[in-house]
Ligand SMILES: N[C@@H](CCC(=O)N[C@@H](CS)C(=O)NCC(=O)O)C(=O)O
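Shown next as structure tokens: one chain only, the form predicted alone.
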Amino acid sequence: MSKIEIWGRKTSSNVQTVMWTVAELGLDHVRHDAGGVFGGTDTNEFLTINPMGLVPAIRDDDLTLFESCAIVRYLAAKYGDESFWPANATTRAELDQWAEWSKTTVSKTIIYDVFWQLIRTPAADRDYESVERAIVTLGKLMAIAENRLGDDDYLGGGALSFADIIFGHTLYRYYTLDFDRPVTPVLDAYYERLTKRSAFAEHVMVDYSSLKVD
């Protein structure tokens, strides 16, 4: 297997899902800084990989891919073990519904409705009323996650899976942004388990202060 190439800046939450995945799977890889202050996403070479001009994107042998969750699923299917990517379609689908929920609902609320407003938007332009509404929504979503986890260590039970990557990467920003969070002891314990994983600590717990706009 050749070295997997990954394009994207380490402060991007979408890139972090890919980096966390390759680290958990122990895959030989190299990351090229791209996007944001690094640029490079409007070149002809990059646009042949991702015509949207966005990160992340990867090359694995002759395959190029964009869209973070598609990349995570590909890597999980090709290189993951049974716990990370279950062979049974029913078992995998049950996990995938939570992965999809995480991407389309949780990540949108945390990253775009809260993080983008509090960190990426100038203070004078922030819509604090919409942020407050989003925080209320987040409380409801995290109550759902709390109930789903129950007595399990991870979404798939006792072992980390691709679904945890897609859900768990959002929690670093959820727990470090400055707003009041509901009491969720099960989710808190889940997040604490993630922080003890070296791959999560290295690739997800990335200082995002450079992204802040005052």
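The shown structure was predicted, so the numbers you read here are calculated from the model rather than taken from an experiment. Numbering starts at 1 and follows the sequence shown.
The form predicted in complex with this ligand is left out here; the points below concern that form.
**Message:** Given that this ligand is not shown alongside this chain, does Gly156 nevertheless sit within 4.5 Å of it in the predicted complex, heavy atom to heavy atom?
**Reply:** It does not: once this ligand is placed as it appears in the predicted complex, Gly156 has no heavy atom within 4.5 Å of it.
**Prompt:** Looking in the predicted complex, any heavy atom of Asp152 within 4.5 Å of this ligand?
**Reply:** Because no heavy atom of Asp152 falls inside 4.5 Å of this ligand in the predicted complex, the answer is no.
**Request:** Would you please decide whether Tyr128 lies within 4.5 angstroms of this ligand in the predicted complex, comparing each non-hydrogen atom pair?
**Result:** Output for Tyr128 is no: heavy atoms all beyond 4.5 Å of this ligand.
**Request:** Verify the contact flag for Ile165: yes if a non-hydrogen atom of it lies within 4.5 Å of a non-hydrogen atom of this ligand in the predicted complex, no if not.
**Result:** The answer is no: Ile165 has no heavy atom within 4.5 Å of this ligand.
**Asked** Of Ile49, Leu54, Leu177, Val186, which residue is found within 4.5 angstroms of this ligand in the predicted complex when only non-hydrogen atoms are counted?
**Response** Partner contact (heavy atom, 4.5 Å) among the options: Leu54.
**Message:** The chain here is shown without this ligand. Which stretch in 60-68, 156-164, 24-32, 178-186 comes within 4.5 angstroms of it in the predicted complex, by heavy atom distance?
**Reply:** Selected range: 60-68.
**Asked** Which residues from 107-125 come close to this ligand in the predicted complex, meaning a heavy atom within 4.5 Å?
**Response** Heavy-atom contacts within 4.5 Å come from Tyr112 alone.
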